[in-house]
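Below, in structure tokens: the form predicted on its own, a single chain.
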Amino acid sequence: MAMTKTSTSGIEVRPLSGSIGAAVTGVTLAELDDDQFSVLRDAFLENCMLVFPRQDLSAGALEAFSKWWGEPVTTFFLEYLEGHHGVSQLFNRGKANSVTENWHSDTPFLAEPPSINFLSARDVPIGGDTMWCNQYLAYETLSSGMQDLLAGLKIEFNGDSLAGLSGAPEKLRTAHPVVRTHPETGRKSLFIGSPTITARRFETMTEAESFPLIQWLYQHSSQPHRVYRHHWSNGDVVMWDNRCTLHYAVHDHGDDVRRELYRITTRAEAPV
């Protein structure tokens, strides 16, 4: 992981861990220009996720910032703010109703899972941290024998539980490669999920046959030395690459405290 870098435009990129994440200062996201975006893009592709402290982006400003990176995408199981395409509000729905308190990428069961996720913290309590892990390193640290075994395998990602919560009648199941290649960096990463929630079986195997290997890969992916844990503050904007990371939303702040963030994601191609 590179050391702190300061660009000619005054943007400072400071690594947040030895494996993933960087904090970016010296830029106002609501006033971004082409040269600054070029610096941010390079930092993003290198670090997989970026933290921008004290930006205080409104829903409109977050939408505008996301469009530098791609087209905002919507799904049928979320509600969106009127007048702001793709922007949803996240609230504290209580621990029992939390569906993100596990290592996951967002909506891997769609044919084209989103490429980049953005969160803007509006009103956050102490606690409620989010963790990210680097899936490039998860793949690259596998033995050559395991890499050969996984080549060509696909996982059937399963979104039935989320579809049920949102009242959708159809099943959400799509097979994607266990090892995917990033369309911009060309690096390979491990594309995995929970063996009891979204990644229950390999495409040509039963759940019973698939579970031991998927469980091992899942645990391998989130080893502590590949993880960054973010302590939220009001005004923080965080973006991460859904194609080469997993994330985990910790619900330790109680069911009765207020927690509000804006969220938006951008469209991507099918994993290959």
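Everything numeric in this text was worked out from a predicted model, so none of it was measured. Residue positions are given as counts along the sequence shown, with the first one as 1.
The following text describes the form predicted in complex with a small molecule, which does not appear among the structures shown.
Undergrad: Of 197 to 205, 135 to 143, 175 to 183, 97 to 105, which is the one stretch near the small molecule in the model of the complex, taking non-hydrogen atoms within 4.5 angstroms as near?
TA: That would be 97 to 105.
Undergrad: State yes only if every one of L119, A249 and R263 has a non-hydrogen atom within 4.5 Å of the small molecule in the model of the complex; otherwise state no.
TA: Contact check passed for all of L119, A249 and R263.
Undergrad: Test of understanding: in the model of the complex, would T130 fall inside 4.5 Å of the small molecule by heavy atoms?
TA: Contact with the small molecule, yes.
Undergrad: So, R259 and the small molecule: in the model of the complex, are they within 4.5 Å at any heavy atom pair?
TA: R259 belongs to the contact set for the small molecule.
Undergrad: Would you classify F65 as touching the small molecule in the model of the complex, given a 4.5 Å non-hydrogen atom cut-off?
TA: Heavy-atom contact with the small molecule at 4.5 Å: absent for F65.
Undergrad: Answer for W240 alone: is it within 4.5 Å of the small molecule in the model of the complex, judged on heavy atom distances?
TA: Yes, W240 lies within 4.5 Å of the small molecule in the model of the complex.
Undergrad: Check each of L153, L110, L90, V73 and return the one that places a heavy atom within 4.5 angstroms of the small molecule in the model of the complex.
TA: The residue from L153, L110, L90, V73 that makes the contact is L90.
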